[in-house]
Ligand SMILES: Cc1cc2nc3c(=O)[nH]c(=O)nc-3n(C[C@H](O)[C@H](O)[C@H](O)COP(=O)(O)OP(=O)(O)OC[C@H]3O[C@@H](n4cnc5c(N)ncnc54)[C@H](O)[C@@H]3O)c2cc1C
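Before any questions on how it binds or moves, here is one chain, the form predicted on its own, in structure tokens.
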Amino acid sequence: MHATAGPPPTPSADALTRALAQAVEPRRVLTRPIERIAYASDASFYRLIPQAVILAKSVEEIRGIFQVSRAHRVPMTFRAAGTSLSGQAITDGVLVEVARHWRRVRVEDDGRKVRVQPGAIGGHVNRALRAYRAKMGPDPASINACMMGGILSNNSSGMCCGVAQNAYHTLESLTFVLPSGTTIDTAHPDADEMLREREPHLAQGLLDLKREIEANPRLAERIRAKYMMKNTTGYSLNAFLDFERPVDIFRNLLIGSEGTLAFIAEAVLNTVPDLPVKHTGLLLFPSIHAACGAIANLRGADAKALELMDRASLRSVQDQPGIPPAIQGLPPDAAGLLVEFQAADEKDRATLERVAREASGGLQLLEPARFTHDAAEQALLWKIRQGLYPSVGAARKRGTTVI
């Protein structure tokens, strides 16, 4: 009895494989069933089996894969770490893996900038910046696993950066590759002229959209308001209001576009200070409404991190080693706020203590606020927040998904 993983390849599949093998070294074109199934899932609950997986190495190869995709009318999707929870890193077309051959990280301008490729892990970027007392603005909970391609394409913000220091607002420049093969480094002095000359319809279309948005004050106001908040999804329409030149609009439109507009081959980010003095606490409230009501006061006191956790989230981690015992006995409607105050200099530590004490003094808490300077205790508190997703996933009912 002979078992197979699926139907034999069709002539069109063979033709696709041959075409891809001309654009990329054949051994980096993966088409065996076991290889395709290995890339059929990411961190989401979706599953799509690609027709081929390409381990691309260069911009020239990306151009060639784009050509094959257009000629065979097969969609292509880029994948870095595959840590997204929304299924952006899978496809039933051609999957282009840009993790293993795109890992370069280069610190520039004495730590004020960092140049990265899409396969660089976010935590590795921050490690390279540590000696300069700097870090990336985006700080997603999965920073030690996710890669720059996803951080940029999803406009990551994270636990401490809010909106002001997300990928969009800390971007300096990037190099993109369009499906046509046009490749532009937006830092080049003639980048805008290049885009207008090589892609006139794209450049003009961007300007037309900009004029349309600006001609509608209500729409423009709504866009500005939406993109001042976290968790606004979709294309970064604020780029049409923030920039004038087509190349600058398109540069920032790529941030958050989930790989649908172009391939980001390289990016330069402006870094932010890594404030070493930290004062951290987990504040427990009788309800999520009470916790939310405290945010404005704490933010006004210049808290650098404010992370909300509902009772279900806290319940998922309450039995883990080292978790504060008070979490186990919380009432069913309780909620927590992970709060952190930060400063640049050790002499400011006493000031942080005073500010935290005053800011939390009048809050409706289940127990007195307790903040800590101890690095091990701080790491444990942040572990609660960073591990919420897998903890909630482990506690879900059988046959259900987290999202």
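Counting begins at 1, following the sequence as shown. No experiment lies behind these values; they were computed from the predicted model shown.
Although not depicted, the form predicted together with the ligand is the subject of the following passage.
In the predicted complex, does Ala81 have a heavy atom within 4.5 Å of the ligand?
-> Close contact exists here: in the predicted complex, Ala81 approaches the ligand to within 4.5 Å, heavy atoms only.
Would Gly149 count as a contact of the ligand in the predicted complex, using a 4.5 angstroms cut-off between non-hydrogen atoms?
-> Yes, Gly149 is a contact residue.
Does any heavy atom of Thr186 come within 4.5 Å of a heavy atom of the ligand in the predicted complex?
-> No - in the predicted complex, heavy atoms of Thr186 and the ligand never come within 4.5 Å of each other.
Consider Thr280 of the chain shown here, and say whether it contacts the ligand in the predicted complex, taking contact as heavy atoms within 4.5 Å.
-> Output for Thr280 is no: heavy atoms all beyond 4.5 Å of the ligand.
Among Leu314, Ala141, Leu275, Ala305, which has at least one heavy atom within 4.5 Å of the ligand in the predicted complex?
-> Exactly one listed residue reaches within 4.5 Å, namely Ala141.
Could you work out which of Gly93, Gly111, Gly158, Pro324 is the residue within 4.5 angstroms of the ligand in the predicted complex, going by heavy atoms?
-> So the residue touching the ligand in the predicted complex, by this definition, is Gly158.
Tell me which of 291-299, 243-251, 195-203, 85-93 has residues with heavy atoms within 4.5 angstroms of the ligand in the predicted complex?
-> Partner-contacting stretch among the options: 85-93.
For 256-275: residues with a non-hydrogen atom within 4.5 angstroms of the ligand in the predicted complex?
-> Read in sequence order, the residues that approach the ligand (within 4.5 Å, in the predicted complex) are Glu258, Gly259, Ala262, Phe263, Ile264.
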